[in-house]
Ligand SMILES: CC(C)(COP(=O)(O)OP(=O)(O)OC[C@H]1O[C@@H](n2cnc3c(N)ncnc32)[C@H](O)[C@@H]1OP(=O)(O)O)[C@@H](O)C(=O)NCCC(=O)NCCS
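One chain follows as structure tokens, the form predicted on its own.
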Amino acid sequence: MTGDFGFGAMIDKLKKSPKTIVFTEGCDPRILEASSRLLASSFLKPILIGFPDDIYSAAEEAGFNIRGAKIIDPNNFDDIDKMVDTFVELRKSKGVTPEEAREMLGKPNYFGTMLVKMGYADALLGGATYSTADTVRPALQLIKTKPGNKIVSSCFILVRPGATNGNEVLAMGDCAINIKPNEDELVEIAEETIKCARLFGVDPSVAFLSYSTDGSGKGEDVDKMRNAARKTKQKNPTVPIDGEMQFDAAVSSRVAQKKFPTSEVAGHANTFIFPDINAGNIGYKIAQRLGRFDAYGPILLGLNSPINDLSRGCNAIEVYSMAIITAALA
């Protein structure tokens, strides 16, 4: 369950191909602190959305140097007419008028997403002060899912520094987006989580979690996880994948020997697929708060461009880290 956390590789990648990232909440002190740190580097440049006077005043009050940051006020954007036209075209199936588009683009989350869509920026990070839905909704409407993907999902990367053989790195999905995914949605969530785990140096060993291990319990939810594990394995035959299993069987070799001795995953899983958002959200937060893991995410998966969401409880270090992760996905 150990691996090398891939931050160094991500930064090296960005140094070779520097990116720009939009922060939709330009006045937030956490965003300003992270932006100040990014501006001291050469691999990732922030674009702050908001009124310039308000952003500069907030930065000065908080003591952060943001000289060199690009600041864009949606109400004074030179290419706003072009953006309105593009927005109307993207939302023509919903009958959006130019007037409605202009009003929507006054909102930083929609305006920032359109900056990415139109190529003014490479990535976006938002949600320090608003809900996940307010980040995901514009992304779904404007960026849309990659070919072959039907849903947007999410993954958290959990890192516990200082384990015996290096950092302990785990992947958990979906803890933030899909409330009650069905079997096929779980397959897509698992495949995207596997890809995300690999970006962080994890060699995925995938457990589909349940209150049952290998048929010990009965019910629709048990069947869902077992069937989803089987379908995912069929599509990814070289990846260790198994389920359904309880969390103790997934991570404890002693328990695995008793409960699931035939499994190639039980006892050493590092990539976890939860049955629903309740279990996932509770699970990663237990790991974060009691297991003392650092939690990075939610990392949104399945979109055409990298758009990511912050937890409203985040700090500036988490904003900085998530900015690097988001840009590295570009």
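Quantities reported herein were computed from a predicted structural model and do not represent experimental measurements. Heads up: residue numbers just count along the shown sequence, starting at 1.
If you look for the form predicted together with this ligand, you will not find it shown, but the lines that follow are about it.
Contact with this ligand, judged by heavy atoms within 4.5 Å in the predicted bound form, is confined among 250-258, 176-184, 236-244, 111-119 to 176-184. Only one of the listed residues (T129, T145, T86, S216) places a non-hydrogen atom within 4.5 angstroms of this ligand in the predicted bound form, and that residue is T145. This chain appears without its partner; in the predicted bound form, the one residue of V222, L140, V202, A101 with a heavy atom within 4.5 Å of this ligand is L140. Taking the partner from elsewhere, K92 is found to have every heavy atom lying beyond 4.5 Å of this ligand in the predicted bound form. This ligand in the predicted bound form is approached by I277, whose closest heavy atom lies within 4.5 angstroms of it. Looking at N281, you'd find a heavy atom of it within 4.5 angstroms of this ligand in the predicted bound form. Using a 4.5 angstroms threshold between heavy atoms, V136 counts as touching this ligand in the predicted bound form. Contact annotation for 226-246: no residue has a non-hydrogen atom within 4.5 angstroms of this ligand in the predicted bound form.
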